[in-house]
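Single chain ahead, written as structure tokens, the form predicted on its own.
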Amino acid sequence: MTNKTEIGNIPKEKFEFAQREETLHDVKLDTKPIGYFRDAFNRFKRNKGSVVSAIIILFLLLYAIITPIFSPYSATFLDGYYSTVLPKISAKANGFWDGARREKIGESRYDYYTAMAQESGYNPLRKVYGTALSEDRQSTVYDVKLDSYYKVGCQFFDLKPDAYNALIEYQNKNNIQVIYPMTDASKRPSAFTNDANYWYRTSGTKGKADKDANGNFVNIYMRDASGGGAGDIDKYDSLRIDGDDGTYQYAVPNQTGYRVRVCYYKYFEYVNGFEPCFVFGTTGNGQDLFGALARGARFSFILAISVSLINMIIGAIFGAIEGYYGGALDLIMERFVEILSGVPFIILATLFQFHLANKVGVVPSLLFAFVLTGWIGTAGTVRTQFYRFKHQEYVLAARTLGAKDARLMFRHIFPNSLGTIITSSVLVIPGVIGTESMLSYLNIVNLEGSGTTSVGTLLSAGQGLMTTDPHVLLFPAIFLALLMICFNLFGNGLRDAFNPSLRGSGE
């Protein structure tokens, strides 16, 4: 190590000016200055989990916004004949997401579906895997893949003369058989007298087909008994099925018009202009689940974002006043906060639904319940931040220069607290969605009467179908779970980005 004696012995001629003839100037920075939010964004991008979560949240948000606009099914669409049908990705899908599932059926049901295919050409039996004897070894059980759309088969409808004639015109123009011959009610199975799919002769009450000697179905179609020829009674002048000798009766006149028997798959296409196809299937009342989930998600997003913004505004103002002035005013305001925070939210929401919903509506009362106590957390966060920053040098300098309290609060202190406030406000959104879904699931909040649906309402509707039709519950549950997980990861990323000193504190 060099000591002071050695330094003092260095000859004078060894010392030289480094830049004797040059004038020194400040060097311009090679990089651009980075602002607070840009710096936070750069830190956020390094958290891969939060970035992926943000992308998923954006996708779910776009799904909620775009799907109701382009969906062919309106919010009021209900089809009782296609209730709880299985998800189908396209009208021609076969093998995957095709609206069919594996089931085991008896002989009478096998005949039932085989007869449907023979009459209309739409075969509900996509595949037969094999057969086995029943437990009592008296009949055959078929292991099949059953199409939930085709198995609806034919249905009876009462049409007014104008609607009847319009349907006949549609048949003639498009060469599509929609109306099928009426069947003799006295020859249908006694247990299924109103089932339009029994066009064949049966034996017994269970509907087992009574075939001829060649193993063919024997029809029980009604015939024109007047002897007047085709169209004499039913005024039918259109396509006829194979084997019709011109005497089959296709409609029965009644007081309002005609009672007809139609293939419902084709009739749905006639009424709506497209083949039935429900991407997520349908609910128990025949509502398109894909569109209903999007509308429910849109309502949940709007409610949660509205609550978050309102709570942020109220909480920011309340917490700023508390934290800036402090003292006795802070003590009084904190006691008020403690009183409100002591009221259980679920009791508050229940009371509002019982007493306030009848006056202002279900949605406004729910919004009021969220806002009444929801701002408390934001107020506490803002209060803490104001206590932290109000004695900083830049605030004292601004006060010395004559800045008023409002300017100090919202121009100098509040922007420094904005990162923490944004993070807490974003995390309010999943909390509101989860709480609203819980209230709807428990039927504390009933949105069906207000013409609105939500994710929680769909979960509640699918609860009773969990064992028979699990898809009705599955898709809303996946959506809610995905939203909750992604929002939590996204919120953690925001926290780390805006306040790096807290990184990992929530893990």
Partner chain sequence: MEMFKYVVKRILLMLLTFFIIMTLCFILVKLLPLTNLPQDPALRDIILARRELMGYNKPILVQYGIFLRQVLLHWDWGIGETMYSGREVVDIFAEKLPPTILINLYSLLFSVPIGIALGIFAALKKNKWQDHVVSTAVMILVSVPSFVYAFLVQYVLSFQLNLFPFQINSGTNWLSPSMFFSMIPAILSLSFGVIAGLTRFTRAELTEVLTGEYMLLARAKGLTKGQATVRHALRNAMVPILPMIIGQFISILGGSLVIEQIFGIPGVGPLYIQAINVRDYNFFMMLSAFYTFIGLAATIVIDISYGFIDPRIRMGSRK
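Just so we're clear, the structure is a prediction, and the values are computed from it rather than from any experiment. Positions refer to the first chain, counted from 1.
Note that the form predicted in complex with its partner chain isn't included here; everything after this is about it.
A.B. asks: Is every one of P72, V85 and A166 in contact with its partner chain in the predicted bound form, taking contact as a heavy atom within 4.5 Å?
C.D. replies: Heavy-atom distance to its partner chain in the predicted bound form: none of the three under 4.5 Å.
A.B. asks: Heavy atoms within 4.5 Å of its partner chain in the predicted bound form: does S437 have any?
C.D. replies: Taking the distances in the predicted bound form, the answer for S437 is yes, it comes within 4.5 Å of its partner chain.
A.B. asks: G49: heavy atom within 4.5 Å of its partner chain in the predicted bound form?
C.D. replies: Judged by the heavy-atom cut-off of 4.5 Å, G49 is well away from its partner chain in the predicted bound form.
A.B. asks: According to a 4.5 angstroms non-hydrogen atom cut-off, is V472 in contact with its partner chain in the predicted bound form?
C.D. replies: It does not: once its partner chain is placed as it appears in the predicted bound form, V472 has no heavy atom within 4.5 Å of it.
A.B. asks: Do T467 and its partner chain share at least one heavy atom pair within 4.5 Å in the predicted bound form?
C.D. replies: Yes, contact at 4.5 Å.
A.B. asks: From the candidate stretches 353-361, 288-296, 304-312, 373-381, select the single one in contact with its partner chain in the predicted bound form, where contact means a heavy atom within 4.5 Å.
C.D. replies: In the other structure, the partner sits against 353-361.
A.B. asks: Looking at G80, G215, G243, G342, which has any heavy atom no more than 4.5 Å from its partner chain in the predicted bound form?
C.D. replies: Flagged contact: G342.
A.B. asks: Since exactly one of I347, L401, A406, I332 fits, which has a heavy atom within 4.5 Å of its partner chain in the predicted bound form?
C.D. replies: Of the candidates I347, L401, A406, I332, I347 is the one lying within 4.5 Å of its partner chain in the predicted bound form.
A.B. asks: Can you tell me which residues in 475-496 come within 4.5 angstroms of its partner chain in the predicted bound form, by heavy atoms?
C.D. replies: Result: A477, L480, A481, M484, I485, N488, L489, N492.
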